[in-house]
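Read the single chain below, which is given as structure tokens and is the form predicted on its own.
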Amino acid sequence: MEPVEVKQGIYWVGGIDWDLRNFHGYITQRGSTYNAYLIVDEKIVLVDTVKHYLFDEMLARIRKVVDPSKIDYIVANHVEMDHSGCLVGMAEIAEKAVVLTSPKGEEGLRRHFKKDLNFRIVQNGETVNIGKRDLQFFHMPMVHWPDSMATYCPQEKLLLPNDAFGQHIATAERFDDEVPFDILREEAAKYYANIVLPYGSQVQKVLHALSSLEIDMIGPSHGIIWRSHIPDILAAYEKWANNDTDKKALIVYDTMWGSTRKMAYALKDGLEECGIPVTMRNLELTHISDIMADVLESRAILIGSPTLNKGMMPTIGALLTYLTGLCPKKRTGMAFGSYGWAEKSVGEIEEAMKAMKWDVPIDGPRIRYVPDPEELEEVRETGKQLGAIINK
């Protein structure tokens, strides 16, 4: 694939990872891209690199535009190896290049590579002139690493924010008006839910800082480039950063002999009687990274497990560990489950919900062995009670 000119004299030269299906335990059914951007001015600038095994692909694209040894600056917006993986290789080719990065970026890159590269630290808000254009740098600590930084070109109204606004999707198209928006929003939501969600307050600060900038193109380091749906993705990030949710419920469960599943569907019926849309997820069939996209926009989260060996099912334990790390806020929770001779799972799930500071307004239903129709009716009524709370 050829380099893509995204603005006059500015090129996408990244790599497409068609085969990626697992990114740190996050299932990426659509693959991904690692985006790098080449700016040709009086000074030649490469913004970010790609994962190590796509180095030759990136380098071939750069060579179609300029001699890579002529690069003057390499901007390292982020230390993580999917973006800095080719930094040393590029520095060996572009021997005179200065590596522009944040203070934490220099610290992390030195620690990782054990190389004395030609670093220049840029401070928050600092501007570097490259000829007809300026590059301004904005530190974005904990979006989603302490070193994270965005690069902005005011003359082009171009923001290159590294991981912010990204999506894991491999596509030959480069722009948001070339791919159906519902797919892009779905992937952007999944990306935010699995990577950025714990850092909502930091995202809010960044959105505030960027609100004063004129932006007509956003080039993240994963996925497509935003040019037509910028208001939509900014509005989505504002919603997600605020932990604002829709008036709907998510029921996640695992089951051994079907009893907990019956309870899950009875709860669904009760919620739906109150007009609450419900998404059902069986953890045996759905990966937790996909479930996080449902968590992102659901106001009520119901989690069900039978008791196994004095505790919950391992799949539910893994889900709660993952949830606790991502720590979605402003949710209403309910636990439920079945048991045989001793009931433990529901209490453990409720404890995890309360540790995340979720509201748990109703004691979760617990049923011994197989629920009969009368017990399932009681569970359905519990669903209706929760529905009434959600509707307030």
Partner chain sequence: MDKYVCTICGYVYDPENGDPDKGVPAGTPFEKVPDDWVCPICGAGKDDFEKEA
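Numbering follows the first chain given and starts at 1. Everything quoted here is computed from the prediction, not taken from an experiment.
There is also a form predicted in complex with its partner chain; it is not shown, and the following applies to it.
- The candidate spot formed by P146, Y199 and K357 is fully in contact with its partner chain in the predicted complex: every one of the three has a heavy atom within 4.5 Å.
- Screening 212 to 220, 136 to 144, 262 to 270, 247 to 255 for residues having heavy atoms within 4.5 Å of its partner chain in the predicted complex returns a single hit, 136 to 144.
- Of the residues given (K104, R174, H112, K239), K104 alone sits with a heavy atom within 4.5 Å of its partner chain in the predicted complex.
- Contacts between stretch 221 to 253 and its partner chain, counted in the predicted complex as any heavy atom lying within 4.5 Å, involve no residue at all.
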